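Here we start with a single chain on its own, the form predicted on its own, put down as structure tokens.
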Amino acid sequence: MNAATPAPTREESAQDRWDRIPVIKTGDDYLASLRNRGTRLFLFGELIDEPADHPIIKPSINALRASYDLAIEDPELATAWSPLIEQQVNRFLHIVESPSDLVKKNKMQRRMGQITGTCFQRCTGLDTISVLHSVTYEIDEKHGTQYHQRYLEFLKEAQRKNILIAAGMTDPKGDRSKRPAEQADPDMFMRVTRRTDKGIYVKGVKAHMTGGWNQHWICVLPTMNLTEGDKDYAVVGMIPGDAEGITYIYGRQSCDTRALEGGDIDQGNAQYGGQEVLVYFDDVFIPNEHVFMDGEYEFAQELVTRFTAYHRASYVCKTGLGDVMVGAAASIVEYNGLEKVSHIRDKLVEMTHLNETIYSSGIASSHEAKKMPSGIYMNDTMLANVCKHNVTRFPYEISRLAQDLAGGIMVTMPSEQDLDNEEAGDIIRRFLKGRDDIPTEDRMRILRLIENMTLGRNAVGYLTESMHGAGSPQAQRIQILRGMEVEKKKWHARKLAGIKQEA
């Protein structure tokens, strides 16, 4: 280390970092693990003293808490036997030993979507530990490094502690016409700034980080293919969420301040929400034991490709949200007394058809998984990309149909405060009623839920994230082009047409 650079107060060993994190068994344990961490998080221009208790942040924490609750309530679905530590572990921390594991993962993701109606923020961590199994193994095979054993030791402890991992992959990118090493600001992509005998220091920003503050560890990863000139940007490492040098800036969401108003009707889904944060790493230390790539630039593209194969299939989670949307649309139809109208029933059928089409391609990619040299299984790449490409389109049509069935009152409805006002409330209860046997408040709650998921806070997780998460639509089209095997398809067509061709 340069003598002019003061030593950080917490250049901790891997064990020191683990010692700060408790063993988590229940949702209550998880909530307790987030408090008193001393993190720096900005929200609306203010440093938040205790983010775990902030009303805007709390719904996103609840969504993650549900993953702990599900493991207790339905262990067959949400846990798995780990050969690494010889005990049951949360399925979100389980390595993929078979196509069946991937199928169960997809079923768990759909169930989590049904429970929360939002992004529950754990898929990126699961897909990160999945891709690192094969990539670290293959780096070691080529370079004689020790990354794979480091990874396994980390994963064992992660399973014992039952912790959460966020994926820090997306860099700001700056001038898109330039490579990482060519940027005017070298921190536009995360890079290694210096190395010591104990570890490395990294600097840069990771954007759009799903559930970034809510999790115990952040795994930083390259965001694109790299060249030899970008070697300092070829870095993968695990960093605790409370490490020195990290600053979080909370992402704004539509209608998020409704959580500050009191009441719960206008929030639409008051219990659960998603979270995205901008995270600045200012010379953050990573001990050698938690470094899984440092300079092996030729593996960056393959890491991204494999991550997206896992993660694009993980978007079957949106079918759980789609189930909620179909249920909400069917409910408002019933509350309006229109459930027997044929064209309305047909719209509900269309919503279901689109939702199940997403699920079918995602789960097919899991059934067709292939074994990697390290022993782990990976989703079929073509079908995973088809799944995600469906997700970039179908939730928007499902949402359009839900809004069609809801009617304009969804966005012109008075507030909960007006409903609570003695004079205004009487008018609202009388004239915003549908069927006589359905309370006006129930009708308003369903309308607010549809608004929440199609225009409000959880439209982030259902719509915009469906468009841009795990790569925007063109990224899937590129992968589909690469895997479409058009020459083989032409050969079959020409053969059947009677055209002579080479075998």
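Since this is a predicted model, take the numbers as computed values, not measurements. Residues carry their position along the shown sequence, with the first being 1.
Quick note: we don't show the form predicted in complex with another copy of the chain, though the next part is all about it.
The candidate stretches are 155 to 163, 223 to 231, 270 to 278, 301 to 309, and the one lying within 4.5 Å of another copy of the chain in the predicted complex by heavy atoms is 270 to 278. Among residues of the shown chain, Glu50 is not one whose heavy atoms approach another copy of the chain to within 4.5 Å in the predicted complex. Although the partner is absent here, Met467 is a contact residue: one of its heavy atoms lies within 4.5 angstroms of another copy of the chain in the predicted complex. Taking the partner from the other structure, another copy of the chain in the predicted complex has no heavy atom within 4.5 Å of any heavy atom of Gly237. Another copy of the chain is not drawn, but in the predicted complex it has a heavy atom within 4.5 Å of Pro414. The listed set Arg37, Arg443, Arg65, His54 contains one residue whose heavy atoms approach another copy of the chain in the predicted complex to within 4.5 Å, identified as Arg443. With the partner omitted here, the residue from Ser98, Gln87, Asn421, Gln146 that has a non-hydrogen atom within 4.5 angstroms of another copy of the chain in the predicted complex is Asn421. No residue of the trio Arg150, Gly295 and Lys371 has any heavy atom within 4.5 Å of another copy of the chain in the predicted complex. Contacts between stretch 454 to 477 and another copy of the chain, counted in the predicted complex as any heavy atom lying within 4.5 Å, involve Thr454, Leu455, Ala459, Val460, Leu463, Thr464, Met467, His468, Pro473, Gln474, Arg477, listed in sequence order.
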